[in-house]
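The chain that follows stands alone, in the form predicted alone, written as structure tokens.
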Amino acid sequence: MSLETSYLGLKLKNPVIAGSSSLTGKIEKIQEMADHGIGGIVLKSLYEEQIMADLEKLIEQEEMYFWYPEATEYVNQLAKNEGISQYLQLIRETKKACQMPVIASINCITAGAWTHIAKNIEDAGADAIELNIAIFPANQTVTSLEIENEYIQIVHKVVNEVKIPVSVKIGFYFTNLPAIVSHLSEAGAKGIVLFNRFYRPDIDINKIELTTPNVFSASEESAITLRWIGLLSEKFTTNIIASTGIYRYDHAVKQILAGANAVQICSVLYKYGSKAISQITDGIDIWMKEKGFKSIEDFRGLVNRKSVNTMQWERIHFMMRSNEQMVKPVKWQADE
């Protein structure tokens, strides 16, 4: 029996991948994850905004940059090179320290000149690149088609820069998710990661101000990913990866049964540490033995192979009768 699988043409010893986070930006944490058996790792993201922020800080420090435009241009390039050099070093150190696929991550919102960075990342030894694209649809003057075309252009430009495989991590803010996945695949994306998790604002009603809620995902959030894994894995040969809300082995098994090639974990690593990795992989191993499966491919997408009606994935509303059966009245706290 084997937990080995493949993603983007890369061989993974198991289907559990560490998603991009601050944890995967520290070599000691990465080594710890490797010791606990992680199948692959997505390094901490390199941000467009991060590079620009570094530039603005440098310009604020020296008045001369306001009087010498050529100095500003020089500092701009310096800031970019320093940010990139640190990231490239992280790639090299990780490749040297760990025997597993290393995927670089770029968090981007435009198809600008930054795309040449992808070649530097490839030359540093990254096995693949994950583009974490999050263009929030908040501008009423921009059409949905324009937003989708920006996604496609980003993928197209990066794919033209490198020979290593490129995946795309996206959100679910699309009118027609299968359509955008199709376009991204045509642009050259070899994998789609569902979903990136956006900042979720809240309001403190005592201070009457906007606050930052818990940044960690909850296991309940995996349901939306499960639905789209089930729908998309049947339509595309592009690798589909599940992310968000995966805490236990059964969460991972469900996503694979729906058709996921692998799963990404993140919040569980913050909450319970790297030991969660072996707990998940050991759980998958035990479950496979109990069910008589010898490989991941034996059960990947099995739910769909059993001729599940796609309407079960597509249904949005509860049928009234089943809704009445499932919901039991509870005493409202205000009555007490």
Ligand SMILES: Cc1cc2nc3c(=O)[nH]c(=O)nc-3n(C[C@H](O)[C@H](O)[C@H](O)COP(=O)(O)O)c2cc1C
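Start at 1 and count along the sequence shown; that's the residue number. Since the model is a prediction, treat every value here as computed from it, not as a measurement.
A second form of this protein, the form predicted together with this ligand, is not displayed here; the remarks below concern that form.
Candidate site formed by Tyr7, Gly39 and Gly273: none of these residues places a non-hydrogen atom within 4.5 angstroms of this ligand in the predicted complex. Contact check for Asn261: every heavy atom lies farther than 4.5 Å from this ligand in the predicted complex.
Not displayed here, this ligand is approached by Ser217 to within 4.5 Å at the level of heavy atoms in the predicted complex. Residue contact with this ligand in the predicted complex: Tyr47 places a heavy atom within 4.5 Å of it.
Contact check for Gly230: no non-hydrogen atom falls within 4.5 Å of this ligand in the predicted complex. Across the options 204 to 212, 85 to 93, 135 to 143, 243 to 251, residues that bring heavy atoms within 4.5 Å of this ligand in the predicted complex belong to 243 to 251. Only one of Ala126, Ile265, Val158, Leu184 lies close to this ligand in the predicted complex, with a heavy atom inside 4.5 Å, and it is Ile265. Taking this ligand as positioned in the predicted complex, the residues of 183 to 203 that bring a heavy atom within 4.5 Å of it are, in sequence order, Phe195, Asn196, Arg197.
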